[in-house]
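Take a look at this single chain, the form predicted alone, given in structure tokens.
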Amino acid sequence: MTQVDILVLGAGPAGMAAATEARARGFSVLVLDENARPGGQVHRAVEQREAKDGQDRDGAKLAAAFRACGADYRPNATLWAVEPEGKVFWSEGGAARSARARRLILCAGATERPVPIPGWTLPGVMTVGAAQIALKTAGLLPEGKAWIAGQGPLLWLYANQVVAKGGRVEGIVDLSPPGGLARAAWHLPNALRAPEYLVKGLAWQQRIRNAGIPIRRATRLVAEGDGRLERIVIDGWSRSAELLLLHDGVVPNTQVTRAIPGCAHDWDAAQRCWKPRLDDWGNTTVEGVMVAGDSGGIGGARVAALAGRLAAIEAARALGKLTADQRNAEAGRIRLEWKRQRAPRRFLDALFPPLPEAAIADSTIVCRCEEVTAGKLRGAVALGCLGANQTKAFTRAGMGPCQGRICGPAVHGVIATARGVDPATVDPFRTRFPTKPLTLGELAALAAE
């Protein structure tokens, strides 16, 4: 069994920064990442393309430092279990492996929030995040009559990336709830501590208008077609469509942390999602387990990288390399910048609140794997179902191959709305190890190890 000082899960901004900082302090570091190259979603394939903006330059700098730091980097490695005292299991190259670490820094990133609309399971409908992966890794642009619908910064970023590469979309359907500016105005003074984010967002929207791409506000969107997407209906207004890209923001990826016994999670009322309970340094309620980056709360790439560095400095204190006073002194400037970069978060949360689950029609599928509709979930509530885990027994929602990764937020929201209670009082899907599918052949490799 491999023995290391620090194990880092994920090679996105937080993971790369944490590993680089930890190696600079002399620790042995093992990094596990499901992707073939470092970067995460934000900096995906950044090493393979020319850096054309500040985000790409940040990613290229992080990746170069990470490659040079000397960490034991394992790409295409899927972590599927964490046991007490820092023992972890993962699959790599068709075989299961294990290691024991004195400290775990989990940097699992975020997942896209589902957008359950009628017809979202049709071929031709996908998420903006998936389309962005295709663009970054293979240079694929939307073809035919393509539409983008939903809300949030990633929607506008992706539209700009398409236009910058010579692509075209038929239009953008803005589903953001009305009154966004009025809600967000209270948080504007604080957001202006990092004005570059607001300026960038306004510039994205203006470039789309300058490109002649129509933007239509709507409250209801339906995808229709016989066997595949053929048209979209926007508040009763129909247009032909061959591709529809949906987006409603992102939520912390808590699949691993929710499976660790004793790891507490709190409800984020602003973004209606669960996130691990962390102290100011990224420590969870389980000794030796830390979280950094978007998996601990959405903040963006720069915030994630700073959080990764802070987590590594705290790990150095916990492992005896620094005193608390030394840690505080060395982390002072990093923490100040971390707070500044996080300043626009409440403004963005108020501007783009998640779309209401109450608007999901009874006939709309919520759990794609098991084809469970919102009506079936509401029917289960009428029969006495109190939370997401009970839903499994009533409807099988969350029991498919994705294990609730895609449908979890929507299932939770539909149940809370149907019960008429505070979502914080409704239990989410509990996850158990292994959190990812693995074969008996992979497990057999542990015996040899």
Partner chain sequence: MFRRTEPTDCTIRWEGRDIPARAGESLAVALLAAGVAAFRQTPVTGAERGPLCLMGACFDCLVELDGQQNVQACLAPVRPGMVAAMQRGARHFDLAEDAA
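Positions refer to the first chain, counted from 1. As the structure is a prediction and not an experimental result, all values here were calculated from the model.
The form predicted in complex with the partner chain is left out here; the points below concern that form.
Stretch-level contact analysis of 259-267, 187-195, 134-142, 208-216 against the partner chain in the predicted bound form, using heavy atoms and a 4.5 Å limit, identifies 134-142.
Checking K339, R220, K165, R333 for any heavy atom within 4.5 Å of the partner chain in the predicted bound form turns up a single hit: K165. Though the partner chain is absent from this view, in the predicted bound form it lies within 4.5 Å of a heavy atom of just one residue from G179, G236, P84, G227, which is G227. Taken together, A24, K61 and G201 are entirely out of contact with the partner chain in the predicted bound form: none brings a heavy atom within 4.5 Å.
Using a 4.5 Å cutoff between non-hydrogen atoms, T121 counts as a contact of the partner chain in the predicted bound form. Contact check for V125: a non-hydrogen atom falls within 4.5 Å of the partner chain in the predicted bound form. The partner chain in the predicted bound form comes within 4.5 Å of no heavy atom belonging to Q55. Under a 4.5 angstroms non-hydrogen atom cutoff, the partner chain in the predicted bound form lacks L322 among its neighbouring residues. Residues R396, M399, P401, C402, Q403, R405, I406 of 374-406 are found to place at least one heavy atom within 4.5 Å of the partner chain in the predicted bound form.
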